[in-house]
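Heads up, the chain below is alone and in the form predicted alone; it's given as structure tokens.
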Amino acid sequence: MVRAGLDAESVVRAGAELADEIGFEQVTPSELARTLGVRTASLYSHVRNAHDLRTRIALLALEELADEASAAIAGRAGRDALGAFADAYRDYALRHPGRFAAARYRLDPETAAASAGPRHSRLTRAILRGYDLDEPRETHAVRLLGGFFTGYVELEGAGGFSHSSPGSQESWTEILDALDSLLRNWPAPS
């Protein structure tokens, strides 16, 4: 890419692609400049610093992931919605490991509130409507699902399930069935 073709969007997209190749934490303006074949100073008219670059990659990843999850659950309910939602996260993480890591980058409160992050919460709550959970159980379930999706795909992406049977897909399906059962039969507070 030549310098004249650079704009903020192309810099961020190139940064996201680089994150998928080398890991999100390894993305710096100088590494991105080397990849693009430009001087690092050329990037600073589009991003302020490494934190700004990573923040913008995180915002892009959150938006992409929310779009995919939203499309996946459209017209679905119950176990079908849960599975589609979970598969959207897992598929995105496997296709875009650097971006998936970026989606968990700590944003300042104002940036987080304006990002697609709250949309993820609304999407999760939308699939949970089919389970008739009251508060605070619904919030507990949002956290449970987020923790499970993130943990599972991180372990899977790192090869944590490649050394034993049953296969990762079989476990994924079985665990989603167990989560569905839990959500339908959430225990009363003790």
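So that there is no doubt, residue numbering starts at 1 and follows the sequence shown. Treat the numbers as computed from the prediction; the structure is a model and nothing was measured.
Although it is not shown, the form predicted in complex with a further copy of the same chain is what the next lines describe.
Enquirer: Just checking whether G157 would be counted as a contact of a further copy of the same chain in the model of the complex - the rule being heavy atoms within 4.5 angstroms.
Expert: G157: yes, in contact with a further copy of the same chain in the model of the complex.
Enquirer: With the cut-off set at 4.5 Å between non-hydrogen atoms, does G130 touch a further copy of the same chain in the model of the complex?
Expert: G130 lies outside the contact set for a further copy of the same chain.
Enquirer: With the partner left out here, check for me: in the model of the complex, does some heavy atom of G37 sit within 4.5 Å of a further copy of the same chain?
Expert: Result no; G37 lies far from a further copy of the same chain in the model of the complex.
Enquirer: Do T28 and a further copy of the same chain share at least one heavy atom pair within 4.5 Å in the model of the complex?
Expert: Output for T28 is no: heavy atoms all beyond 4.5 Å of a further copy of the same chain.
Enquirer: Taking the partner as it appears in the model of the complex, which of 42-50, 160-168, 57-65, 29-37 has residues with heavy atoms within 4.5 Å of a further copy of the same chain?
Expert: It is 160-168 that comes within 4.5 Å of the partner.
Enquirer: State the residue from R119, R104, R76, R90 whose non-hydrogen atoms include one within 4.5 Å of a further copy of the same chain in the model of the complex.
Expert: Exactly one residue meets the criterion: R104.
Enquirer: Going through 135-166 from first to last, which residues have a non-hydrogen atom within 4.5 Å of a further copy of the same chain in the model of the complex?
Expert: Heavy-atom contacts to a further copy of the same chain in the model of the complex: P136, T139, H140, R143, L144, G146, G147, F148, T150, G151, Y152, E154, L155, G157, A158, F161, S164, S165, P166.
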